[in-house]
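The chain below stands alone, shown as structure tokens; this is the form predicted alone.
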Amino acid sequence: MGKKVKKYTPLRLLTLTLAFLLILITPYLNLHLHINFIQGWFQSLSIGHLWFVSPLEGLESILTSRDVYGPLLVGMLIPVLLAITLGRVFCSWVCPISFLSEVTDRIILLFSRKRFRSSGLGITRKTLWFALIGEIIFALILGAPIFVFLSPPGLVGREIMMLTLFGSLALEGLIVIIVLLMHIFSKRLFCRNFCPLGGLLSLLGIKRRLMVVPDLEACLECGMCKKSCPLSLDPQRGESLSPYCWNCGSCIESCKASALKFKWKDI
């Protein structure tokens, strides 16, 4: 029998929950308790004197304004380095859309005995690149940073702020509902095929150092790794080494033969 594998899901769920709680309580702290050490949400988040900016929102702002703002580049630096080193881990370990998708999954499990849902649609994964390119071109044509205003992860934070400020939600919040409905129809459909931010982070993480590496000799070819993968990748065929993998660790947990492991790639 295979060796005992590490359980990444509880740790990932804890991280997603803490990240969601951060953007949930920040508006209340700012507006009612006047505690401003943390401000914003994951599009633009400041913690003390540190400023973190989403790479895609930052890139859009630079391209549409035709102005290179030094502090903006500095704010983008840590997220970019994180993606270059670890890949698309923001999507799997931090993103509020992932948190809401995980909550949705557990609600679905209450009404269904099936642990895994098929990917459903046969949309090519290359759609992710077209979504990224199309979004940037569209922003340049309009001369406005579209994803800054319509990013589903950003909208979660903005809707929480609206609810705290005005006790109501904005119409754009429907985009979040649509994304979750897409997930119910086909797991992680938006994240897998249509998220421009996910596309950019995948592009940055093509040469990432941390990867899920398969041991083909130990592999039982049971297919459980593919079934457990939120993005419907097939690690036993090496797809965990592709830029599409977001290093969530679900496939490692599901592998009874311990044929999948996180490994650091040499520089």
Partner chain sequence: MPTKDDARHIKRRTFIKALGATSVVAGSIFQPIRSSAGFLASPVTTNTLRPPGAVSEKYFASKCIRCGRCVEVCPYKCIRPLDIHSGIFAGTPLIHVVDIPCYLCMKCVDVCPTGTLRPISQEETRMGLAVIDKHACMTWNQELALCRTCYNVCPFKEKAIKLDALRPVIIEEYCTGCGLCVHGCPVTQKDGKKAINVEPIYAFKEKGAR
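Worth saying up front: this structure is predicted, and the values here are computed from it rather than measured. Residue numbers count along the first chain shown, from 1.
Although it is not shown, the form predicted in complex with the partner chain is what the next lines describe.
**Q** Counting any heavy atom within 4.5 Å as contact, can you tell me which stretch out of 82 to 90, 192 to 200, 127 to 135, 147 to 155 lines the partner chain in the predicted complex?
**A** Among the candidates, contact is made by 147 to 155.
**Q** Heavy atom within 4.5 Å of the partner chain in the predicted complex: which of Val179, Leu100, Val94, Met161?
**A** Flagged contact: Met161.
**Q** Please run the contact check for Glu221 against the partner chain in the predicted complex: heavy atoms, 4.5 angstroms, yes or no?
**A** Heavy-atom contact with the partner chain at 4.5 Å: absent for Glu221.
**Q** Taking the partner chain as it sits in the predicted complex, is Lys207 near enough to touch it, meaning that at least one heavy atom pair lies within 4.5 angstroms?
**A** Flag for Lys207 set to no.
**Q** Check Ser242 for me: does it contact the partner chain in the predicted complex (non-hydrogen atoms, 4.5 angstroms)?
**A** Ser242: no contact with the partner chain in the predicted complex.
**Q** Is Thr64 a contact residue for the partner chain in the predicted complex, using a 4.5 Å heavy atom cut-off?
**A** Yes, Thr64 is a contact residue.
**Q** Is it true that Thr9, Leu14 and Ile78, all three, sit within 4.5 Å of the partner chain in the predicted complex, judged by heavy atoms?
**A** Per the other structure, none of Thr9, Leu14 and Ile78 touch the partner chain.
**Q** Though the partner is not shown here, which residues of 24 to 41 have a heavy atom within 4.5 Å of the partner chain in the predicted complex?
**A** If the 4.5 Å heavy-atom criterion is applied to the partner chain in the predicted complex, 24 to 41 yields Thr26, Pro27, Asn30, Leu31, His34, Asn36, Gln39, Gly40, Trp41.
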